[in-house]
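What follows is one chain in structure tokens, specifically the form predicted on its own.
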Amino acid sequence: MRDGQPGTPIRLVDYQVPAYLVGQVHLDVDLFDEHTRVNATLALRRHPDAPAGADCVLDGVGLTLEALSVDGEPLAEEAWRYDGEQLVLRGMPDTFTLATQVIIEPQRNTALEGLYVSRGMFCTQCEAEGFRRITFFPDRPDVLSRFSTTVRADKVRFPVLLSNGNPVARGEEGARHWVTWEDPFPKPCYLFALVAGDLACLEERYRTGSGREITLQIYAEERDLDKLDHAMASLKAAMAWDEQTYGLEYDLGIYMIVAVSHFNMGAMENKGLNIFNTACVLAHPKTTTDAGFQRVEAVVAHEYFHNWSGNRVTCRDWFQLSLKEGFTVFRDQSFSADMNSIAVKRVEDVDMLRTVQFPEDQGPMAHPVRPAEYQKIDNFYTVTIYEKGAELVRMQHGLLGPERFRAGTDLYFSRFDGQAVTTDDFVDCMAEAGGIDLTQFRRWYSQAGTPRLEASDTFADGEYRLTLRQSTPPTPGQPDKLPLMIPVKLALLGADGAALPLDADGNTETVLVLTEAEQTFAFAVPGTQAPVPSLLRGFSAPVELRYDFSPAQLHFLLAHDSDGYCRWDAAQRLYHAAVTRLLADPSAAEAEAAALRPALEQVLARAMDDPAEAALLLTLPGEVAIGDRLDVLEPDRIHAARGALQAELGRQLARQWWQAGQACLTPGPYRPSAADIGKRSLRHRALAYLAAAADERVASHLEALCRDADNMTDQLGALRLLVHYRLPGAAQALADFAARWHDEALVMDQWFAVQATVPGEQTLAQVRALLAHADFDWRVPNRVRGLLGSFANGNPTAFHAASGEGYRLYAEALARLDEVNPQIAARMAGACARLPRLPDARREALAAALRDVLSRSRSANLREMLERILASAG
């Protein structure tokens, strides 16, 4: 399939098999300062299901063609045509060998697709359609080929030459050298990788359960070699976990990871040679926060798990992207839960889903987990594909149970090993192994939007009746929705807080499967008091639950429910209700805080049982999350209401906050253990309340912590509080932080982000100043995300400033980015997707700014995003 003219969608229903398959690929990549020469030899054969006589079509963008031959003979000019995007060969035999030589210029490649240069190192990013920028090839995931790659470069400047598979030969040619790599496993070209640079390596061994020894290598610049130990430990843990949990062993003799500073994504699972954004592989206590350590652990695991769920079994087409990404996110979430805390990890994942994916699913960017069409596939690497896709896998796990789900994955991997398949194939395996009809469940993959689950109940004469109703609001292109198959995990809590038996076997938890628009479920309940329902336990389905909980019920669930998600959800509902009332009566902060105080005191009293969970329970919803619950966004009022509530809770519970902070000290050297991470999280939550309250002792405490802490979690957390609450010493702390860490790019990304997220319209001037800072670089995605992404997504009072200046600033940035890196520009545009929910004046100001960018946009990536957003404005 090929991108059509701008604005022409690619449709799933139009899928056709490729006319030709490529059995074997031989690449010879010769790297020079000003250009790269790529010689490619492809063994092609006509697809058995392709129409007879169909042309052989190869993708190729930005290639200077120097030579072309078929079966060793130059091809006549009338037999081929190259239009700058595709090479069409006419009248080809059923099998033939194509040889091409092209010149490319990776040094000029700021889009970071295909082959490019990052800090003097050659590297690649081929997913989704980057390989076509390296050589001519049918650049689609359903063409699986065996690759042999020879990489050539200057031996002094590029001593390390890497590609997929195993090294089989090497040699020298004067000042240059070469290495040949062979990958024995067929793979689509999006999994191709190449690296050439002057890199240090951390090397260790791993012995699989069957006794095979695997060489593990993680490459980075010499200065970062001491930041690789955590990634190596995470990799070994992931390999062991995958063997134990899924019975999957690694298949090559070597597994490599390379850290790259210029990277559009988090990491890439290329077969045997993973290329990582430095932010997702480098970790050291002095430069990396607890969240950074956990991110490295999760991303390393995610990319390793792709070796089977994505590489050995891959996607037939890009509409099936969630086949590999959703499944693998579910796998990495399960791994992280097992390595840390199941309850805490689940709440963190749900929080991200509700604050990021739900708004996407309810706005102009809504699309199904398996889209029906797209213009640029790069724009569909979204939280819907990844995180909602993972929830679809999780629901199947919940419906089947662990044993039958494992049987389903075993069947999936054995049946489709070495093939490119679809989400339907995955669901078929689950249904077959689980002995369950999942016909209706498939609608989850094709319907966009967040379902609403309305619950109501009655209790009389010892019978509890729960009525569930489902509906999904219209989304772009899908005005009408069919009922879904929704698993609702339920428990009923008695007066003492214990879960009541729900059946004759004494089970205290059950899964209700809602398949109709409305269904009622009945349970015999002992006693005369109505039970308190614990609904959607573990967040058993990605739905918006609407149930009229009373404040007393929410306090009861927070105190007694054994389900971590339901406790957190009860707390969030209490906080949201308090902020909503404050929006109507801003003078009631003291009373609202007093009403919440008993619940927070209760959490604090047992906080040391699980500090990480306590920190989550004590966290107020963010301003963006609060705004998403309102019909019309009013950022200034939300900021004032939430701030008043937090400040008042800080004052009323000041003694308990200081006590919690003291109890959570972690003496000794820094450890990224779950226990210590939980304590630091709770300590900083307490300090945030005290900072909001402007406690007279907190500024000096934070200054000392920022200056003397032996780890980045404490140092950066203290800096953020000093700066965001404009406490004494903030300016000096910022200057000292930059002076100390100016050579650490990932730390400086955080320095930019801290300043970009200071609430208030006055931050706009600071953001403009930072755009002109000597350390800001439009070509580095991490730096762009750190400043501009943090500003637009994490600072609603500045981004949505009434003057419209925030919109104009951001629109200018999008236009500038579009010239440098269209993928990043398009992804950054997503921050504007709340356009239809803005008040009239702000909606028109943002729309005008975006229309101006659209009129100047050069890329199809950004045009598609802006057109979809603007269409929602009416």
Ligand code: TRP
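Note that the coordinates shown come from a computational prediction; the quantities given were computed from them, not determined experimentally. For every residue, the number given is its place in the sequence shown, counted from 1.
There is another form of this protein, the form predicted together with the ligand, and it is not shown here; the text below is about that form.
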Margin query: Taking the ligand as it sits in the predicted complex, is residue 135 in contact with it (heavy atom to heavy atom, 4.5 Å or less)?
Written below: no
Check: Can any non-hydrogen atom of residue 381 be found within 4.5 angstroms of the ligand in the predicted complex?
Finding: yes
Checklist line | Touches the ligand in the predicted complex: residue 289 (any heavy atom, 4.5 Å) | finding: no
Note to self: residue 263 versus the ligand, in the predicted complex: is there a non-hydrogen atom within 4.5 Å?
What the structure shows: yes
Check: Among 264-272, 136-144, 343-351, 456-464, which stretch sits within 4.5 Å of the ligand in the predicted complex, heavy atoms only?
Finding: 264-272
Margin query: Considering non-hydrogen atoms and a 4.5 Å limit, which listed residue (183, 391, 224, 325) is close to the ligand in the predicted complex?
Written below: 325
Note to self: Only one of 297, 361, 648, 303 gets a heavy atom within 4.5 Å of the ligand in the predicted complex. Which one?
What the structure shows: 303
Notebook entry, point to check: So which bits of 102-140 sit within 4.5 Å of the ligand in the predicted complex, heavy atoms only?
Noted result: 125, 127, 128
